Each structure stands twice: as structure tokens, then as C-alpha cells.
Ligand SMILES: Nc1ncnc2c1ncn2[C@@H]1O[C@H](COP(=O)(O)OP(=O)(O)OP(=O)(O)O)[C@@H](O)[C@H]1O
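Only one chain is given next, in C-alpha cells, and it is the form predicted on its own.
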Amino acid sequence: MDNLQFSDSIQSSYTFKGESILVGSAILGQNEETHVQVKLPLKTFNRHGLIAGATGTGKTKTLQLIAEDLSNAGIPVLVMDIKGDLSGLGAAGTSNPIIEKRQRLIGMDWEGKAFPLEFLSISDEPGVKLRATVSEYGPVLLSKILDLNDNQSGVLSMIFKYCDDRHLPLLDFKDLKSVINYVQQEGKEDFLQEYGFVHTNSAGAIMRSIIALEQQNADDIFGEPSFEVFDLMKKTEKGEGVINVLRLTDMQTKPALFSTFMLCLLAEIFEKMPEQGDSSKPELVLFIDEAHLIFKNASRNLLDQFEMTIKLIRSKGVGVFFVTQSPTDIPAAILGHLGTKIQHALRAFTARDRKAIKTAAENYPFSDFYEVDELITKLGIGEALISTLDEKGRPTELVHTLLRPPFSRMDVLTNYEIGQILKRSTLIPFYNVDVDRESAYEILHARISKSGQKETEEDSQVKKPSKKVGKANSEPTTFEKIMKSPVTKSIVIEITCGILGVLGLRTTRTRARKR
């Protein structure tokens, strides 16, 4: 295999079906029979990917070694550490008999190496706090997250417009709930005149959805200071891409919160990053471990938003890899957009498992060399079937691959080692502070309090009686002035005469009848 040296990555050419293919790539391993190295071209990482396999087959280690190669190539990485076993990227690995055996089989040099890490958090885990304001989410995305219908989404959009026009900052759910209550009570008339009527049912549905999300500690991801997505794209002085490890060990029981955060993050990256088109390598690659948590019980709106984002974010130079147990965990509409597929072993313990394996095998290119559905069940730990896209965007043949061992530690860091990495962080001093500036909640409560105080003062004011008593000294009332006026006297006389005249006439007629 001829090696060609380029500045940005490892480049090699090899012959496949008589054609020489140039590859700038992450080296995963090699085929045991042909000894051909298997690589993922950096250029096609923004076509997204899938790493699938049963528990214990090596998915996380595959993620780890790909992240290492991307970091070496100067590409920043964001990995979702659900199980807490990716922190080992920050320490050099040590050799052992298993690594030595795999090294001999694939003929690759191996040397332990630590990679630059930044720990992130959206919960109580130690790390840089990732937050965004409710306003940054916007009414459209927030409606999808809260799974609102069209009427409720319209009400939420009106509320956002009202807040923009009245300069009411929406930083967290506390602000949003206070505005919803205000436009139904004290500010109802003001809101009705310019924006329309807020039906109680719609407002109640929005409030219930917010409270349901709050039960999963959504307050942890809403607020200030807002995280700047470009801080995910740092490089070291040596040109290595920083690996951002988002610690999510307490998120497995909070799928709605996890989905909310991921959708917001992808939307923020898509909005802020410039259009890039096709380039030699991506700007950022995200790995979403335990991806089934995102799609489990996700609403139709949420799935549609994910699908649209995955389709469009490619042009921003961003790649997204989903890591899960089976390809069937990923919605078909999204699975169809994943250019790279790495399939570890699946286990056929039940009839349902065998059906799932057959379905999984059909997601890979047809192969003349393998019975895919059978081979999937026979793969050992650290082995995978790999299909990717070449530099021209063409799907490659499916290859049974022996994966190389990660250069970093294949175990977790100690609390002390994590603490040392946190101490070196330049982002923690900026983001891990509590900022609670004046926003909609404070402004509206001050307005309500002021209005209530004014009404109390008006009610407490009682007119005091005049100290001077007597007709001569007392001021005539308005009624008395009217009754004493000449016009009133004339009207009274006329009415009185009329009445007396009628009575006199009736009296005369009565006397005449008696006679």
C-alpha cells in the first residue's frame, strides 16, 4: 500500500476492484483475510453514521478510536457519555496481552496516548454547564419540544411576540409561566386588543407540558449564561481537536430532557455555523451514545424536526453519529441519511431477535462475500461489518473488520484525574456562574405589585366630613344647585299645574254624574 503524505490527515491509496482510491481517513483496522486497511474518509464524515451492536460487543470502544483519529486530524468532537466510560480518552492506555494480540493480527503500531478533553454537563455532573435561554429556543422549536398542537403553537408564538414588543426577556421557564399567567389575568385586556384571545384550554395545555418537562429538571438547561457553540470547536496549540465529553450518567431516566437538549444543540449549531458545502474534513463531529433514548417515546413533531436537522446540517460541515444496539432503534427516515454504518455483533436469543437481525442485515449493501444475517451473530468483541462512502460519495463494499485498540485508556478516569482536567478548563470560570438578571418574571411581578398597591391606597382613602356644620356655611350639593335653578322651578310648576288641572277636571266630572 503506497503512502502519500498530506498536511491535514493520514492519506493512503489502495486498489479496490482494479481502481485506485485516495482516502484521507480515520484508520479503524483491517480485514483479517486480505489485510487491507479499513478507513473512514474524513471528507464524508458530514454524511453522518451509525455504530450498532449488542451490549458488550465494543461499540463504545469503536466510538473511542474514531474520536481519537478525528482529534489527531485536528477535528473537534462532542461525545455523549451516557454510561460514564468515555472519560478514559483523557489518559494514555497501557498495553496488555489482548492489545498485543490484536496489534499482531492487524499489523499496526500501538502506543498509549492521552487526548485533550473538556468535560461538559447539563445536570449535576461536574463540567462546563450547557444552558440556553427560552428565547433562544424560539416558539417553533419549543412548540415541538412541548408537543403542542397548531392552536397551542399559535398561542405560544403570540406570547413570544408580546414579550418581544414589551421588552420582557424570556430566560427560563419561570419567565414563560409568569407571562402565560399574566396575559390571562392582569394583562388580559392589553393582550386581547393587539394579539387576540388566549383560550384557557390552550394556555392550560402549554402550562401542563412545561411542568411535565420541569419534572425532569429542565431548569438545568434553561437560563444564562448561554453556551456558545463555537466553544465546542477548540483546538490545542499542537493542532489537535479537543474532545468534548458531555457527562450524562443521570440522563437515562430522563429521555425527554435528553431529546430536548440534543434538538436545541443541533438547532443552535445549524443556525450559527456558516454554510460550508463539501470540504476536505468536517468542522465538528457529534457522537450520540445510547441514541435510542432520543427516539424512545418521541413525538411525531420531534422526529420530524430531527429528520430535517440531520438532512440540512451536513452543509454546515457537521457530522452526527448515532450509537445504539440495533439499526431498528433509529427511525427509518433518519437511518436513510447515514452514510457510514458500523455493525457489531447482535445476539439471536429469541424469535424476535432473529427478525431484528434479518431487518438489520437489510440495512447494509448487498455482499457477494458474506451472509450478513449469519455473520452478524458470529462477530467477536472488537469486530464489525463496515460500510462507508468513498471520497466520491459511493457506498463501499461491506468489510468484516478487526478494529484497532484505542490508544487512550479503555476504562474510566478516577475522580482525582477528572478534577485535574476540570482545573485546567478555561470555560468553567465563565459558564459555571449563576446569572439571574431582570427578566419577564421580575418585571411582571413588580408591575402587579405596583398595581395592587395603588388599588389599596385608593380603597383606603375615605372622604372626611367638613368641620363646619350649618346650612349657611355648608356647600350646596350638585343636586341642590339643580333644584334651585330657575329652569328647574319652571319645569316643576308646569308639571304641577298639569297634574292639578287633570285632577280638577276629574273632580268636576264626578260631581256632574252625581247630580
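Quick note: we count residues from 1 along the sequence shown, nothing fancier. In this text the structure is predicted, and so the values were computed from the model without any measurement.
Just so it is clear, the following notes concern the form predicted in complex with the ligand, a form of the same protein that is not shown.
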Exercise. Of the options I206, L176, A73, M410, which one has a non-hydrogen atom that comes within 4.5 Å of the ligand in the predicted bound form?
Worked result: M410
For this session: Have a look at K235, K311, R354, R102 for me and say which one sits with a heavy atom within 4.5 Å of the ligand in the predicted bound form.
Result: R102
Exercise. Quick one: is P225 in contact with the ligand in the predicted bound form, heavy atoms, 4.5 Å cut-off?
Worked result: no
For this session: Mark G49 yes when one of its heavy atoms lies within 4.5 Å of a heavy atom of the ligand in the predicted bound form, and no otherwise.
Result: no
Problem set entry | Non-hydrogen atom contact K83 with the ligand in the predicted bound form at 4.5 angstroms | yes
For this session: Verify the contact flag for L403: yes if a non-hydrogen atom of it lies within 4.5 Å of a non-hydrogen atom of the ligand in the predicted bound form, no if not.
Result: yes
Seminar exercise, completed: Counting only non-hydrogen atoms, the one stretch of 375-383, 209-217, 161-169, 74-82 within 4.5 angstroms of the ligand in the predicted bound form is 375-383
For this session: Could you run down 45-69 and flag each residue that has a heavy atom within 4.5 Å of the ligand in the predicted bound form?
Result: A54, T55, G56, T57, G58, K59, T60, K61, L65
